[in-house]
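Only one chain is included here, represented as structure tokens and corresponding to the form predicted on its own.
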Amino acid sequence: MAERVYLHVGTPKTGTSYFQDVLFRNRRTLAGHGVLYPADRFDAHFLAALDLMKLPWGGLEAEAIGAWDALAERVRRHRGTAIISHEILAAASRSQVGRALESLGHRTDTGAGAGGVEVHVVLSVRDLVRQIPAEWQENVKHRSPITYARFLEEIGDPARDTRISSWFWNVQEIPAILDRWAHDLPPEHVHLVTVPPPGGAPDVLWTRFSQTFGLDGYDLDLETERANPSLGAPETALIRRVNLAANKQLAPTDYRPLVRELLAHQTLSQRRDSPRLGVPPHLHAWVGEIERSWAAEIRARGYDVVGDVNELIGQPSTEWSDPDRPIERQVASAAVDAVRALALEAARLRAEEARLRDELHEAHRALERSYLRPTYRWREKFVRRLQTSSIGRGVLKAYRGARGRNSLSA
């Protein structure tokens, strides 16, 4: 059984994609230090989370069946430290959390963790000033046509009875997440990693992750190709318009590589001079009140904070750009970049299609040449003659059985 398990359970948009990719790409190095990151594919922990929580997710839930139990078994077999990380785990219910902890070897019958694995829950957190627009943008990048105004209205409704509002608070309400994941853990086993404010050194967040998970001093490759970059207001407005225009014709399997990856992540996220998304001025006081109450609650509970709990109190920008009413010339400029990216991708695919067509043509020609060989014609004639009699057919059957072939060719 593992001696220690770190469960990194969120929150979204707090550097989780980067952190998980570093762990995945350095699995062998970590294993050399006795640290297990149990993943045979980059999204292994995502599938395990889907399985644990029985979440529908564009058909992936079928692929995820059994993924959590398989991951937990690998952790139990390991001798040392294990790390599990995915941000959607923040939304797990109390019963799902109980199942997860029990499957990893955590025991509560004689006290928190007594006689079992030492469990640590880690929650990376960021101020709501940045999280609110980031969550709306994630909805848009997952095909949603919802306006920002409607999104804000739904998450501001105390009833929280819509799909968007319930999900938002399930993965963002820090005290409630910790109520579910850490209710029977000692405070020193609960770690909050705060995301530093904008403008700081880029390696600060990794340093905090490394300190929390005990990775200091390991020679890890910190370069990564997987990230979840943000878009500006006009770029997000453009993607929302694409959703409105194309969702009915564009299948989800095509949307992800073409719109989310090619357009949003690889192309539009590179436009850094556009107005950034933010919280509208009329919500500054509401957001600030929530942030201050969360910071006070965390201080009172005595959790291990890596960073500064005051970083949960964001600083709203004085410049507000409404993505529902963007500056049209900026949207048009973004659209030109999007068309260019799609044109280049179409050219690349046409070149790949031509290459494959040439390969197929050459394979056909090679096959035709083999048919013209005298030995092939003699074998074909001989097989035909054998097939005209029961004895010949028996000989062919015995020959094919000896060669272990299932086809009808000799």
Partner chain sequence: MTEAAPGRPTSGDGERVAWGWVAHLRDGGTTPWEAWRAQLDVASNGERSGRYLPGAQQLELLRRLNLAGTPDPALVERVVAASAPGRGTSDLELVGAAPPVRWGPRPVDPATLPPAELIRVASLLLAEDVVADAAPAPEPPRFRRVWARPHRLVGDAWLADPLRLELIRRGRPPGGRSAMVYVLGADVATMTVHAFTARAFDEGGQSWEEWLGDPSRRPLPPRADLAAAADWWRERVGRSRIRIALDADQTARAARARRLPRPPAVSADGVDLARRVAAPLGLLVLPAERARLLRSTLLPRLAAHPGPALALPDSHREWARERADRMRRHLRAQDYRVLGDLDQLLPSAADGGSAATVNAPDDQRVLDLAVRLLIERDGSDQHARGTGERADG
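Positions refer to the first chain, counted from 1. Quick caveat, the model's predicted, so the values are computed rather than measured.
In what follows, reference is made to the form predicted together with its partner chain, a form of this protein that is not presented.
Engineer: Flag Pro175 as yes or no: does it have a non-hydrogen atom within 4.5 angstroms of any non-hydrogen atom of its partner chain in the predicted bound form?
Structural biologist: Residue-level check for Pro175: yes, a contact with its partner chain.
Engineer: Answer yes if any heavy atom of Thr318 is within 4.5 Å of a heavy atom of its partner chain in the predicted bound form; otherwise answer no.
Structural biologist: Residue-level check for Thr318: no, no contact with its partner chain.
Engineer: I'd like to know whether Gly401 contacts its partner chain in the predicted bound form, with contact meaning heavy atoms within 4.5 angstroms.
Structural biologist: Yes.
Engineer: May I ask you to check whether Pro374 falls inside a 4.5 Å heavy atom distance of its partner chain in the predicted bound form?
Structural biologist: Because no heavy atom of Pro374 falls inside 4.5 Å of its partner chain in the predicted bound form, the answer is no.
Engineer: Run the contact test on Ser93, Gln96 and Tyr303 with a 4.5 Å heavy atom cut-off to its partner chain in the predicted bound form and return yes or no.
Structural biologist: Verified in the predicted bound form; spot residues all in contact, yes.
Engineer: Looking at 344-352, 56-64, 23-31, 36-44, which stretch has residues with any non-hydrogen atom within 4.5 Å of its partner chain in the predicted bound form?
Structural biologist: Contact criterion met by 56-64 only.
Engineer: Please pick, from Val140, Val193, Leu104, Ala182, the one residue with any non-hydrogen atom lying within 4.5 angstroms of its partner chain in the predicted bound form.
Structural biologist: Answer to the contact question: Ala182.
Engineer: Let me know the one among Thr212, Thr147, Asn170, Gln330 whose heavy atoms come within 4.5 Å of its partner chain in the predicted bound form, would you?
Structural biologist: None of the other options qualify; the answer is Asn170.
Engineer: Since the partner is left out here, which residues of 143-174 would have a heavy atom within 4.5 Å of its partner chain in the predicted bound form?
Structural biologist: The stretch touches the partner through Pro158, Ala159, Arg160, Arg163, Ser166, Trp167, Asn170, Glu173.
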